[in-house]
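Before any questions on binding or motion, here is one chain by itself as structure tokens, the form predicted on its own.
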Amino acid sequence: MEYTVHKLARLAGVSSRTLRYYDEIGILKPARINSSGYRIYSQAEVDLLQQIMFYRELGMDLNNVKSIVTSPSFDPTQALLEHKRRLLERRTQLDVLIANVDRSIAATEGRCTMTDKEKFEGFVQQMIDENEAKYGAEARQKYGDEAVDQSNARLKGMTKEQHDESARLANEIETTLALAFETGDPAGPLAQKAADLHRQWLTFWWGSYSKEGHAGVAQMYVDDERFTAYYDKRQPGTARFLRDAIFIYTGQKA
């Protein structure tokens, strides 16, 4: 069956404007343009739109979705199986959060007690899911499923004290890096302190540390515009400065 923009929009519950935008950015192009100038979508485009909507529902941004669904190696069946796995994980997370709310209500009413760690059950999984949506595809392609799964497992197993220390290190990195950037010297003591703090922070997520892996992450901060934007939000050039400092710290060549 074939659909015009308006008919497919109504079927999928999206706006016609969204479909036109998807066409403009090359993530979902119509099968053809008819003699009247209307976009016409076939079954293949319907199936692709479903995939796109699954990825969007899981929180993935359009740039990542586009890179996945337009890849020559994209496998629709495997993608659907992955959607199912992640949706089941989300359902489990929601069940944990609902149970957390129920127990919190009982605790406030004096019917039970909760540890500080129990109060935050479910939120860690939410953080993992958000990271997967933003960076999971690239991370798994670059480092492999086992490394990413181990990192997620370490995050789940963190104590409150470890979470607090990780957050403290992240703040110290940001402060030290800003001061180091003002010196303009990635080999200077402040920049090297920032690189060492960054190493300490990484150990919360990695099972084991390697200089090559550390340097690879630093290079990603420059290559990936999302990371660059994060580090450059206060001062443009900060991501590249941190990369250079870490390369010096690890003995890698820029």
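Worth saying up front: this structure is predicted, and the values here are computed from it rather than measured. Throughout, we count residues from 1 along the sequence that is shown. By rigid core we mean the largest C-alpha set that fits within 1.5 Å across both forms.
Note that the form predicted in complex with the DNA isn't included here; everything after this is about it.
Engineer: With heavy atoms only and a cut-off of 4.5 Å, decide whether Gly26 touches the DNA in the model of the complex.
Structural biologist: Result no; Gly26 lies far from the DNA in the model of the complex.
Engineer: Whether Ser15 contacts the DNA in the model of the complex should be assessed with a 4.5 Å heavy atom distance threshold; does it?
Structural biologist: Ser15: yes, in contact with the DNA in the model of the complex.
Engineer: Taking the DNA as it sits in the model of the complex, is Ser36 near enough to touch it, meaning that at least one heavy atom pair lies within 4.5 angstroms?
Structural biologist: Contact with the DNA, yes.
Engineer: Evaluate Val5 for contact with the DNA in the model of the complex, applying a 4.5 angstroms cut-off between non-hydrogen atoms, and reply yes or no.
Structural biologist: The answer is yes: Val5 has a heavy atom within 4.5 Å of the DNA.
Engineer: Given that the DNA is left out here, which of Leu62, Val222, Val46, Ala187 has a heavy atom within 4.5 Å of it in the model of the complex?
Structural biologist: After the contact test, the surviving option is Leu62.
Engineer: Once everything's superposed on the core, is Gln43 shifted 2 Å or more at the Cα between this form and the one not shown?
Structural biologist: Shift of 2 Å or more: no.
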